[in-house]
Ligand code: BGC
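Heads up, the chain below is alone and in the form predicted on its own; it's given as structure tokens.
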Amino acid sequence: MKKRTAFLTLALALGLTVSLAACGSSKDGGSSDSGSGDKTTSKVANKDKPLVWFNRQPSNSSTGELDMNALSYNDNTYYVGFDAKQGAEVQGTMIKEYIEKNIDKVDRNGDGVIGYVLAIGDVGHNDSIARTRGVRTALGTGVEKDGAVNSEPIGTNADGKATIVQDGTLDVNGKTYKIRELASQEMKNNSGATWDAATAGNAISTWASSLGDQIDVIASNNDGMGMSMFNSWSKENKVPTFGYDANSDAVAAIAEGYGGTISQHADVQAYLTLRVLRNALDGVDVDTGIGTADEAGNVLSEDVYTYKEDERSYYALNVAVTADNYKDFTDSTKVYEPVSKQLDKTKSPEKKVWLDIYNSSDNFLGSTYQPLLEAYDDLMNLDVEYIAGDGQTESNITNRLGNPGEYDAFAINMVKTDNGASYTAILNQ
């Protein structure tokens, strides 16, 4: 039974104790004894089972310092994400180049000031911090704090007097334009969920009512918030909006005026998320099917990912998606062809994986990442149980990891990057 999420949700709601073994955890109906050749490895201690953190890197939400205790939890623990700094630079450069290329129509009121507003996802998330810094650095509006560009939201800054940012300048066609961050805020709803699209849609309406035609560009830490602002206001008012993630709806919207987005190679990330687990379960070198071709011919080239050994982290590389190339990115759920070959089930037998998505309503994770995972789990002979979180509370997820002994490996997507210990504590029991 590949996906038992509905059963688990119902059982939890009724306060029942769920026995996954009783509900047929083995596809062939056999026992869960590892000696029988079935997929559950009952003889391996939970603390020694393969673990991959993905999408939200274990780190201090205030300083961004990596949590190496979580990243080196055991010999088969890794992180899979994307190169946040490189992606942030690509996004900032994409916005700057768009402004330069379209300066006459970008400066809507002709005042010589290019004003932009910025939707910030989660002020404590490394990816959000990097993307905010990337935009401010490229546009010259960043102010250094403690050795790095300040990534805090400014509220509103119509007069340019904010101290968190500064006015930048841009020379185009012999004329010097002023670049000003007019407003920015964390898109956090009343329930505490961050990266909230609805909040972003409300924010752009509020900003537009007070700033009007001073808003020339919209920048967003992701496409979920970007598309909410695009549909709420900027499409009708022909204001270019730039997001991040290359979600299918955002890519399609480029034909309707959405400025651009960034592909973080979700196809490569999803592959790596499950591949490092598969390699550990098979007892082969972790580079198999990644930098070194496996027997089926799966292999990644160096231009789509990088591995940082000291961080035990695999990072997919990013590419700008604009009006020039968006047609190449219209299907965000298509597996990456160089790693699309089926593994031999006799050499990579079926195993069970517990995997959670921190927020069931997150557009990128739900509409792009999970469908890719579901395609790759079949290719890798992995029986993955997908757990959908509420995006707000860690316990909503950890409470559903009540019997880790039923699984061979774990893929964890935390609500908050600080909370790695909430999961490892369960595996230590």
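It should be emphasised that the depicted structure is a prediction, and the values quoted were computed from it without experimental measurement. Numbers follow the displayed sequence, beginning with 1.
Beyond the structure shown, there is the form predicted together with the named molecule, which is absent from this document and is the topic of what follows.
Q: The chain here is shown without the named molecule. Which stretch in 370-378, 52-60, 396-404, 66-74 comes within 4.5 angstroms of it in the predicted bound form, by heavy atom distance?
A: Heavy-atom contact with the partner occurs in 52-60.
Q: Evaluate L365 for contact with the named molecule in the predicted bound form, applying a 4.5 angstroms cut-off between non-hydrogen atoms, and reply yes or no.
A: Yes - in the predicted bound form, heavy atoms of L365 and the named molecule come within 4.5 Å of each other.
Q: Report whether the minimum heavy atom distance between R312 and the named molecule in the predicted bound form is within 4.5 Å.
A: No, R312 is distant from the partner.
Q: Using 4.5 Å between non-hydrogen atoms, is N222 touching the named molecule in the predicted bound form?
A: Contact check for N222: yes, within 4.5 Å of the named molecule in the predicted bound form.
Q: Is the gap between D356 and the named molecule in the predicted bound form 4.5 Å or less for some heavy atom pair?
A: Looking in the predicted bound form, residue contacts with the named molecule do not include D356, since no heavy atom lies within 4.5 Å.
Q: Every residue in F82, W195 and Q264 with a non-hydrogen atom within 4.5 Å of the named molecule in the predicted bound form?
A: Yes, the whole trio is in contact, each within 4.5 Å by some heavy atom.
Q: Which pick from E186, D294, D216, D127 sits with a heavy atom within 4.5 Å of the named molecule in the predicted bound form?
A: It is D127.
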